[in-house]
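For reference, the chain that follows is the form predicted on its own, supplied as structure tokens.
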């Protein structure tokens, strides 16, 4: 009797998994059936002399702060330290078309039937099918199995647009801000909603980086997680910042952003008092930041992500710089990020050979 042939994992040679961490990656054991065929980029935060242990059998490269400084030189100042925002360095050094990034306290969730959820596979499905940002489909994603465009949906819009971002969700510990954590310390998300939807054009959303896929070729340079953590007045807004910038640029360039499935199991609630200390300025600032992004428009001359991002940095400096001088520093870091990205990712050529971490 012939041995059944295992199917080749989707995008096996076209996707990197990026993981920021300060600890041993034992959590990968649960993900082994889904992650082992793929290449991992591990970005070690904190003390670079600490040895991070990775379970055997995974193909990975690991970068610590010394590597970041060596590869980027003075431009390393744009990469956050002592904050998970450092993950975006992994986006920069990757050479793959797609990225999936996950936190090290996230485990395999289960469908209501009890079946393990292959989060990576669902993200890939989301990214390989179009988005519909210009007209909302009431059956949500028409490209999912068992769905389609409903009556009244314009045929001229049914081709959709390329999907740049797939934003996944979480069961168990919800991604709340510190004030909500404090008033709902025992709340857990047990609602499994079997849906994927395109976020409409002109609508912002709070992007969470713990379960996120994106097309690096389409939107990679916009996935900068800002200046957070050590030496900065704010934290826990790294993924939010990247999400707001990315959504404005996707809207301008005619790209799509999906949210919904897949779910992961978020295992650990962070300390709400520590979070409040990191967030409190952001909680005030976001009341100015959100209207800024809602009203920012990019000129038609901005035809690439890099051009859009540089233009956006000018708006940040001119308008948000009046809110706090931090945003002037952030705007400069946005420019540095693009310069570093282009150095490591020259168009039409190979990236700088410096970009080599400790490959395994």
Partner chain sequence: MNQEDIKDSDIDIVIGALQPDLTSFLNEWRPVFSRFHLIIVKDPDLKEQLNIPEGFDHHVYTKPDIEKAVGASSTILFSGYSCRYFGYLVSKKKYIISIDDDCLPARDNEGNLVDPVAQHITNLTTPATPFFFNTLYDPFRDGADFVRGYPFSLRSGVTCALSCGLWLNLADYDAPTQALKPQQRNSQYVDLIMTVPARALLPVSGINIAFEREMVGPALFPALRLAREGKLRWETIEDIWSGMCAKVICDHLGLGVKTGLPYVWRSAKGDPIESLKKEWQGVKLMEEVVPFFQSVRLPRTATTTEDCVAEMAKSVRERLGSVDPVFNHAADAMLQWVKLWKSVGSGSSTPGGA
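All of these numbers come straight from a predicted model, not from anything done at the bench. Residue numbers count along the first chain shown, from 1.
Beyond what is shown, the protein has a form predicted together with its partner chain; the following relates to that form.
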item: Non-hydrogen atom within 4.5 Å of its partner chain in the model of the complex for each of 139, 146 and 175; value: yes
item: Interface stretch in the model of the complex with its partner chain - options 154 to 162, 92 to 100, 113 to 121, 74 to 82, non-hydrogen atom within 4.5 Å; value: 154 to 162
item: Listed residue that, although its partner chain is not shown, lies within 4.5 Å of it in the model of the complex (heavy atoms), from 204, 182, 128, 274; value: 204
item: Residue 187 within 4.5 Å of its partner chain in the model of the complex, heavy atoms; value: yes
item: Partner contact for residue 254 in the model of the complex: its partner chain, 4.5 angstroms, heavy atom; value: no
item: Contact test in the model of the complex: residue 260 vs its partner chain, heavy atoms, 4.5 Å; value: yes
item: Partner contact for residue 244 in the model of the complex: its partner chain, 4.5 angstroms, heavy atom; value: yes
item: Partner contacts for 193 to 232, taking its partner chain in the model of the complex and a 4.5 Å heavy atom cut-off; value: 193, 194, 195, 197, 199, 200, 202, 203, 204, 205, 206, 208
